[in-house]
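As structure tokens, the next two blocks hold two forms of the same chain, structure 1 and structure 2.
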Structure 1
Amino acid sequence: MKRWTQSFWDWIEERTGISRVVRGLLTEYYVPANLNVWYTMGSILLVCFVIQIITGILLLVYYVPQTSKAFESVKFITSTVPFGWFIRRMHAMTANLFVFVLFLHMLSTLFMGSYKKPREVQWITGLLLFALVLVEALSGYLLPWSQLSYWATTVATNSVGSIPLIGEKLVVWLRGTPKVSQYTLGRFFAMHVSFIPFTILVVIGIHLLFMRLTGISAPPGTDKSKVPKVPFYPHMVMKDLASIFVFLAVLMLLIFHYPQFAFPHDALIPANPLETPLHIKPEWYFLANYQTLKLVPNEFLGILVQLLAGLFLFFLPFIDRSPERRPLKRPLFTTLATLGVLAYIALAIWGHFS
């Protein structure tokens, strides 16, 4: 067995010199030995993406994107197909954790100042990935065609309508019809299983490519040229693996013990376009936006505020240009960022209880 794999490897090596590439990527790629746990978030996110692709393809095997059959087909998956409930819960729970770990990844980048020169492209592609994952989450939400799906999508697409002049047209365009319908399901389905995932894949590629080209940052306050280095494989991979296992433990906790987190009561009854459920709230990661929209008297103003916040984050590396990365040495930024995060959390909690 060993001999066979060895000779196969040799056969490839002789033609391509692949071992040089592998060494460059893994064993002779050196990273600072003092990388902290926040540097492992990226690997967790990659695992999330892979899980979503695999479970997503598996769900596609039995799912039917047709309003009269979608809910039944999902119910078939969860109650008849062996392990179907597990695959579906895994897909939904990973989606939630995906967004959560993205928050952590971005916040650590923010506080450690890793978005600064020369890593602006990672920051911008990262923000783009965040937006794409949110769109992916939103579009996937409609597919089971449950009460929750239907009304969450109705509300979410409706909020676009407050944009002046084109808003109303845009809503219809997003939905494919004036009301959420089969046409909406069709375009959301195509978006969810094909367009967005492929785009995410490409952007991940750019994100990682630039990370390798600029090299990974050392934790703030340490001089990268002076800290000891360890090879990426096996050292950093093991560190990543430890975090990934913790992530999997949390995922299992949600899947097995708190299914209601992703599937509240309204997610378990089929969509009824003639009856709005009593407490219709967006997912936790949209709660802050939802509350902002409710607080700002003019809906368009609410959207504008959020758009400006997004744009500010987007151009952050070009606004904040000092090379200093230590949080305590840039008190203004750290204070503002902390307040921003607290405000976001407060809005989300407010949104949850309002």
Structure 2
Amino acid sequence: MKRWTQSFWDWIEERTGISRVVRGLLTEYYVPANLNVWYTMGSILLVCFVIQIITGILLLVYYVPQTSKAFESVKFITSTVPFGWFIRRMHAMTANLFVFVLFLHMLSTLFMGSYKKPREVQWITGLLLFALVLVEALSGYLLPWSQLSYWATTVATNSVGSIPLIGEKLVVWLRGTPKVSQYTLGRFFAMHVSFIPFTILVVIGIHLLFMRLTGISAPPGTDKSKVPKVPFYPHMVMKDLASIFVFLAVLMLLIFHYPQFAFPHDALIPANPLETPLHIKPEWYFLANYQTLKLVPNEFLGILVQLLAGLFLFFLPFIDRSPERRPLKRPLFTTLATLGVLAYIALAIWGHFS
């Protein structure tokens, strides 16, 4: 048996050279020895993406993208399909943690100055991934066709209508019809299960390619000549696995003990276009945007302010061109960035309780 296995492996190796590829990715790929937990966020995000793909495919086996059957199909998955409740909870909870870990990953990159030359493309692709994941979450939010998902999608798409001249046409383009309907569900379903995941996969590939080309940035203030380098495997792999296991433990805790975090009361009621709930609010990761639109007198102005903030972050590597990466050596930037993060958190809390 051992001889046959070795022969088979030799046959594969002769035709693919896979062992050289594995060595190049793991044991012969060297990284700074002082990488900390913040550098494991990317691996956690990859795990999130894989979980979403697997659980999404399993949910597709029973889900029916029709307004008359969507809610009942989700109910069938939850109550009748073996372990369907677990798969659905895992999909929903991982979506929330996906966004949360993305926030942490972007913030660590921001404060450690890892967006600076020569890693501008990594920052830009990271921002694109962040935007794509948010759009993916929004498109998936409608699919259960619950009271919460229907009206939250209505409110979210209504905001586009405030854009002068083309706003109403954009709303119809997003929904397929003037109101959220079967056409909207079909469009969001197509985006959620095919176009956006494929685009995310492509951008992840570009992001990882440039990470390998430029190398992993060492923590700020590191003297590259004094910090030894170690093989990615086993040193960094072990750190990644430790963080992944902690993440999975938190995920299981939420799934088994706090399901209401992803499934509030209105998410368990079928959609009723004739009955508007009193207090429909978006998911927590859109609360700051939601509160900003409430505070700004003109809704289009509120959208414009958020768009300008996004563009500023997009071009940040070309605006902040100083090679200094240590946060304490950049007091103005660190202060402004901290105030920006605190303002975002405050707006989200305000939006939750308002």
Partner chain sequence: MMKRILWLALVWVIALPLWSEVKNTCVECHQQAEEEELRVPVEQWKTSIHYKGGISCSDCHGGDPKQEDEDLAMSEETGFVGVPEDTEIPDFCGKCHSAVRDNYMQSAHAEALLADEDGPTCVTCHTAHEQQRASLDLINEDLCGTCHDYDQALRLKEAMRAMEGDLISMEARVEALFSEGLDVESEQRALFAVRNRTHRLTHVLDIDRILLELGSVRADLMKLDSRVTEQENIVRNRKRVGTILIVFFLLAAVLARMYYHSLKEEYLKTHGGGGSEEPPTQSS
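One-based numbering along structure 1's sequence throughout. Keep in mind that this is a model prediction, so the values were computed, not measured. In this text, the rigid core denotes the largest set of C-alpha atoms whose superposition between the two forms falls within 1.5 Å.
**Q** Just one of these is the form predicted alone; is it 1 or 2?
**A** Form predicted alone: structure 2.
**Q** Comparing between structure 1 and structure 2 on the rigid core, is the C-alpha shift at residue 18 2 Å or larger?
**A** After core superposition, the C-alpha of residue 18 moves 2 Å or more between structure 1 and structure 2.
**Q** With both forms put on the same core, how far apart in Å are the CA positions of residue 8 between structure 1 and structure 2?
**A** Comparing between structure 1 and structure 2 after core fitting, residue 8 shifts 2.3 Å at its C-alpha.
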